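Below are two forms of the same protein chain, given as structure tokens: structure 1, then structure 2.
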Structure 1
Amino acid sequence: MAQALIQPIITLGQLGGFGGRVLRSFVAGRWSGQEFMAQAATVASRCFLPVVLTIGPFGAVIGVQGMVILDLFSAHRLLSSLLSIFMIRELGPVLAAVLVAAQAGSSFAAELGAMRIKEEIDATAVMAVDPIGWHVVPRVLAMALVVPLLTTVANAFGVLGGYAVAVGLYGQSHGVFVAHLAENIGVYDLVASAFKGLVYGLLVGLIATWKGYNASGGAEGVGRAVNDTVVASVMFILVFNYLLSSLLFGSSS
């Protein structure tokens, strides 16, 4: 049990050290903007569908539960305002980040892990190219750019999923749904939502590249890196979500 308590601290330290190296390579400009754009395009195109496919049903679930519960209070009209609060402040950023971690994060870990095992990373260093700058920085930056964008997409599709249930399934009027949608949220919430996405994107990018970059032990090592990436990402996202929610929305009432 003692190990279970100390391990996170050690992990945090190592991740911080890796983040420092990434920052140094970033500041020193030893990275390619072209590679960054290529990675960002890959992440965006590969994660778009998974994000949409999961956030839609999630919004729909809120729709179902919300309609049933609000029915008890005859307060159907509140559904869209509650939906938009939860979706934009909470679920959009978290789900987008978890899905990006599962799809792009684990694939970063797999790619870099395979490169490590096949000594391609060593080869990069031997050719006097900074491997962190070349392989890691563009990927982390790509995450930082794409996750906020996907968060916004997720917010929209999540609300859409709720709309489909409320209006399509339970026959709420389109006008009522739209009228209450922005009742309790404003531009601040949209920006804060994207900001959450930015933080999670950086986190997932760092964790994934860190795990992949330090993979060892053959094919098993690659599998382990991918596995660890997903677990650690979800964990970090939830912890940071608590901190950020307290910070951004905790005192708003």
Structure 2
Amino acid sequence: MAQALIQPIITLGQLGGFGGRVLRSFVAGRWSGQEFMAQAATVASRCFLPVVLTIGPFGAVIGVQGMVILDLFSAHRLLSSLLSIFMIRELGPVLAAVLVAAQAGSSFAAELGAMRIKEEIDATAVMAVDPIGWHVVPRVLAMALVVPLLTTVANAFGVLGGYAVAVGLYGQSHGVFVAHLAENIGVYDLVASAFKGLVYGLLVGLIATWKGYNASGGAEGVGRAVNDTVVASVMFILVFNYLLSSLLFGSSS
């Protein structure tokens, strides 16, 4: 019982220690910029389509349900206000990060886990090359770069999905939709949304590489690392989303 209560604290400490090693390797410059760009391109190519195909319908659903709710108050013109707050401040960053965790985060865990099982990471260390700097830092940086970009894309397609419903299906004026959208969303909201994506990208990158880097137990261990990566990433994203929303938007109401 006591071990079960202490284990989450131990896990956080281990993750924090791993993050410290990653930071030291990054600051020392023991990482490849070319590998970083290659990993970033891979993450972007793998995750762009899932993000677009998922977020667009979410925006459309918010448009449909929002119209039903706002119809009770004869306030259809406020749909873009509702959509912008939900999508840009909350759903865009969260859903983009969750999809990246499921697609690219699991891939990173599997790749590093396979390297660990095949002793490729140990071989890197034997050749006097920092394995954290060579294998981990580029992947974490790739996540930190790509997730904010995909968050911006998610926001755009989410709003576009709501626009299609409001203007295309319900006949709302284009000018009214855009005017209320611009009234409620400014540069601060867009930057804060991208910042959320940056934090989530770092979290997913650290969790995925940590799980993969420390995998053990053969193929079963690699599968467990992949599963743990997705579960832990989603949990951390949701917890940090509350904290960041409170910090960034809590005093704006």
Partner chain sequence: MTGLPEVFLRRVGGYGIFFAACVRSTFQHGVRWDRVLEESQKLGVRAFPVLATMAVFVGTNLAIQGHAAFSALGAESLVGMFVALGGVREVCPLLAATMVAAKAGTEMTAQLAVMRTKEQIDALEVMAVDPRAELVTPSLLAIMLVLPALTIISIALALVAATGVAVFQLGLQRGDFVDYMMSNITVFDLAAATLKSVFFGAIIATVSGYFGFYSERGPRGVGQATNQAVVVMCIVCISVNFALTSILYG
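All figures in this text were calculated on a predicted structure; none of them were measured in a lab. The first residue in the sequence of structure 1 is number 1, and each one after it adds one. C-alpha atoms forming the largest set that superposes within 1.5 Å between two forms make up the rigid core.
Just flag whichever of structures 1 and 2 is the form predicted together with the partner chain. Comparing the pair, one sees that structure 1 is the form predicted together with the partner chain and the remaining one is not.
If you line up the core, does residue 77 shift 2 angstroms or more at its C-alpha between structures 1 and 2? No, the C-alpha position differs by under 2 Å between structures 1 and 2.
After a core superposition, would you say residue 103 shifts its C-alpha by at least 2 Å between structures 1 and 2? Where the cores coincide, residue 103 shows only a C-alpha shift between structures 1 and 2 that is less than 2 Å.
Given a core-based superposition, decide whether the C-alpha of residue 172 shifts by 2 Å or more between structures 1 and 2. Yes; that C-alpha moves by at least 2 Å between structures 1 and 2.
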